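Below sits a lone chain in structure tokens, taken as the form predicted alone.
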Amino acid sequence: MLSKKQAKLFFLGGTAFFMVIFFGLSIHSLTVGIPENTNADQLNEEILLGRKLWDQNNCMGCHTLMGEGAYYAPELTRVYDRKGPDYIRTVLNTKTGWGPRGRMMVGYDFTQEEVEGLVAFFEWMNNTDLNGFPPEPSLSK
């Protein structure tokens, strides 16, 4: 059994040790991990326009991106792989809204430049390394 003094030293030593580890991993994430995995060097004006439109139109109010957002509409992190750019363009160009399975997406009046920006944003998001997120569903029983 530890004395009060030993317990205090054990606590303070452990706290200091794990703080060093925490700060080391944080520095590594900010200097190496994030720039390497997000393809930040590939950002251009078209992709930034798509991200701006994503934020301005509150797409996260219905959709999720990288697991963040509402769960009303589909997860869009890997939509570029799942559906392809032509499908995305078709959905975004629909003026009356999109509702193939009962849930209705609002119809937006995007210009062709804005549609291409959103497609580029989804392509960039698709190429981001998310360590296996979202997971592939297991179809075996």
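Numbers follow the displayed sequence, beginning with 1. All of these numbers come straight from a predicted model, not from anything done at the bench.
Absent from the display: the form predicted together with a small molecule. The rest refers to it.
J.: Which of these residues, 42, 57, 29, 94, gets a heavy atom within 4.5 Å of the small molecule in the model of the complex?
T.: Selected residue: 57.
J.: Test of understanding: in the model of the complex, would residue 74 fall inside 4.5 Å of the small molecule by heavy atoms?
T.: It does: once the small molecule is placed as it appears in the model of the complex, residue 74 has a heavy atom within 4.5 Å of it.
J.: Flag residue 63 as yes or no: does it have a non-hydrogen atom within 4.5 angstroms of any non-hydrogen atom of the small molecule in the model of the complex?
T.: Answer yes; at least one heavy atom of residue 63 falls within 4.5 Å of the small molecule in the model of the complex.
J.: Is there a heavy atom of residue 106 lying 4.5 Å or less from a heavy atom of the small molecule in the model of the complex?
T.: Yes, contact at 4.5 Å.
J.: Even though the small molecule is not shown here, does residue 88 get within 4.5 Å of it in the model of the complex, heavy atoms only?
T.: So residue 88 counts as contacting the small molecule.
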